[in-house]
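Only one chain is shown below, in structure tokens, and it's the form predicted on its own.
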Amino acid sequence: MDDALIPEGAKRCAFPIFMIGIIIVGAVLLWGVYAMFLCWFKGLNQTNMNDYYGFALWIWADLAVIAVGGGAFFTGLLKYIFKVDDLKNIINFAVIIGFICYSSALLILAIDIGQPLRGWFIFWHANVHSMLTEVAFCLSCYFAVLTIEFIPNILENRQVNKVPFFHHLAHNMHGVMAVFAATGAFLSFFHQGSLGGVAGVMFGRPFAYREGLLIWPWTFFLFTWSAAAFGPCFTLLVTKITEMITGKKLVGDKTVNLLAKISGWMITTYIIAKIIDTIYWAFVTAPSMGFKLGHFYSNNGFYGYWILITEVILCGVVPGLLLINKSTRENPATRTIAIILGVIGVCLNRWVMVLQIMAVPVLSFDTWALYIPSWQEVATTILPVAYGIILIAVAYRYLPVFPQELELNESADTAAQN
């Protein structure tokens, strides 16, 4: 039914089967949209946010998708600026994932501000003393960059590319993509860092507060570093999931192992810096403010030392070591374990730096404030996941996302025909 739109030579499932999948995921998306409109029309009383939790599940999801979406800017930087040419086989998919992550982040913020019609206030009435103003500007600008980077792939659709204007436009955009990759890396450095800086400058929250360099707390640099380190893990994980669902090899092992190796070294160097920062905070910064380490990990039913050990050791040290070691990196099973742990690790870090900060008591008469999100918060957080699945499905079906697909699956397709 839609064969004319499918990339030439590519094999896709029957259109009715494709539509059944879209309808199932679309139902989840509509559930999220319903919850979103409840929040917009009835207000933020639909959530379980309160005076303790002005930042809650949405802001964690926002920071998490921005972190894992870092694979787009880092892969683009490697491909177009540092000329790591082998990454051409995965750069299209990295851009799509980044586009999904950043559009999802903006959608979550549109829900979180409560009155989206006043969303333009942050640009027109900018608070120049707030790191979040810089985040808003850089997020919006980088989303525009990702859109520009995504356009050539759309124009390469089998039918669209037959139009001479679109064909030449796509070709010319590829020629200047290095400019947008450099711009994206510049913008990403600052908004990733400022998201960490927001926590690091909170003097009234000793769990988050860090010293730093000039005006930037150490969390500024750690957030940027972690996004560049763990973002490629998410790109590889989504690629692996897509291969499992489609039953096809989409990216060659050489490219996968190269990106995994780079990610492994980035994770290892990041986690060393993270451990140094944690030790200094635990034994110097926090005690200077009158708090012992145990204060942040005891006397509550959820936040114990386990969360620190899981983030730093299990989901930091372990994936780093697995990915820098050639034998474990080139083993599909251990490589997959490593990238899953890495993605969990960076998401857990963002959880800690958003929600545990709010939970820790800071006054002598205060107690731990634990929080359970409402179903509306959960539904609107799942909404971007459903949207992302649909966009990836449509892009995979109709766009030449993976340059190696035909080559890698040629023998299997020939065997099936015989």
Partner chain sequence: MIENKKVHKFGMVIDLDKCTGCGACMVSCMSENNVPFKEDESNKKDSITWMRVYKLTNGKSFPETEIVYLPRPCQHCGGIGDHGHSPCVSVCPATATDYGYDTGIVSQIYTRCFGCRYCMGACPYHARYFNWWDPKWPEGMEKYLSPNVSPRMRGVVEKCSFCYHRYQLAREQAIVEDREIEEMEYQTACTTACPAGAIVFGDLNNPAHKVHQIVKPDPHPDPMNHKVVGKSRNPKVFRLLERLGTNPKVYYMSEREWVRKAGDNYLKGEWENVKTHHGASSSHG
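Positions refer to the first chain, counted from 1. Owing to the predicted nature of the structure, the values given are computational and were not obtained by experimental measurement.
Below: the form predicted together with the partner chain, not depicted.
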Q) Should L132 be counted as a contact of the partner chain in the model of the complex, where contact means heavy atoms within 4.5 Å? A) yes
Q. Does W351 make contact with the partner chain in the model of the complex, using a 4.5 Å heavy atom cut-off?
A. no
**Q.** is_contact(P206, the partner chain) in the model of the complex, heavy atom dist at most 4.5 Å
**A.** yes
Q: Check whether T47 has any heavy atom within 4.5 Å of a heavy atom of the partner chain in the model of the complex, and answer yes or no.
A: yes
Q) Heavy atoms within 4.5 Å of the partner chain in the model of the complex: which of the stretches 25-33, 60-68, 383-391, 354-362 has them? A) 354-362
(Q) Going by heavy atom distances of 4.5 angstroms or less, which of L222, V238, V198, A185 would be at the interface with the partner chain in the model of the complex? (A) V198
Q: Only one of I113, L314, I344, A273 comes within 4.5 Å of the partner chain in the model of the complex by heavy atoms, so just point that one out.
A: I113
Q: Pull the contact list for 259-292: residues with a heavy atom within 4.5 Å of the partner chain in the model of the complex, in sequence order.
A: P287, S288, M289, G290, F291, K292
